[in-house]
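In structure tokens, the next block holds one chain alone, the form predicted on its own.
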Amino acid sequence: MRNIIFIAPPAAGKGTISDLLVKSYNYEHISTGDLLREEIKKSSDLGKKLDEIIKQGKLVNDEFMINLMENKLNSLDTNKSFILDGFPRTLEQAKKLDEMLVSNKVTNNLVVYLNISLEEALKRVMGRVICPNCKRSYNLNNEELKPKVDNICDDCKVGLEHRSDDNEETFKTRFQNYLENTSPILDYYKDKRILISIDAMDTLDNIIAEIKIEAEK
């Protein structure tokens, strides 16, 4: 299976889709959001700065994100396919990622863009909850994504939580910032002919099937 790099606005569903791909095809899932939240939980000076940036809906600077990703990629088993969720978010990050992948002799990559409108994404985010243990994402406003028991993780059986940055004002800022930075990244990967675009409002079964077809090429 090809490695998958997700390019998607907030609440497009990449976390949920990644979880399904991991369970079905044994991918290694690398979520920059999870990596950042782990740093914030340490309550270090860096963690406190990151927490403030994220709560304001802003993007963490390129230098920090590139270093974070480089350390993670260097620790991977290159014989196992991976999903990259949340990186790159700027053209500079995309170019640096190519350098990292070449350095680690990682090839055969697929870039998946999940297309969703602000209105639909906002509906999703207001119902989004996550498991604090396994990080699985659910949505209380979507029948496909609801937990089997209200506010309880299907896998860990612990209470689900809302993300601290999931409020309307912060979300709109995050969404707009993302779109402004995404256009050049999409053009970059189109030129490389490794980009596919998928309607994030399609059913999960259809989305997974479409990605599977492309990832097996």
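Throughout, we count residues from 1 along the sequence that is shown. Computed from a predicted structure; not experimentally measured.
In what follows, reference is made to the form predicted in complex with a small molecule, a form of this protein that is not presented.
Visitor: Select, from the options 149 to 157, 28 to 36, 186 to 194, 41 to 49, the stretch whose residues sit within 4.5 angstroms of the small molecule in the predicted complex by heavy atom distance.
Guide: That would be 28 to 36.
Visitor: Would Tyr138 sit within 4.5 Å of the small molecule in the predicted complex, counting heavy atoms only?
Guide: Yes, Tyr138 sits close enough to the small molecule in the predicted complex that at least one of its heavy atoms falls within 4.5 Å.
Visitor: Does the 4.5 Å heavy atom contact test between Lys58 and the small molecule in the predicted complex come out positive?
Guide: Contact check for Lys58: yes, within 4.5 Å of the small molecule in the predicted complex.
Visitor: Examine Ala94 and determine whether its closest non-hydrogen atom to the small molecule in the predicted complex is within 4.5 angstroms.
Guide: Close contact is absent here: in the predicted complex, Ala94 is far from the small molecule, nothing within 4.5 Å, heavy atoms only.
Visitor: Does Arg89 reach the small molecule in the predicted complex, with heavy atoms at most 4.5 Å apart?
Guide: Looking in the predicted complex, residue contacts with the small molecule include Arg89, since a heavy atom lies within 4.5 Å.
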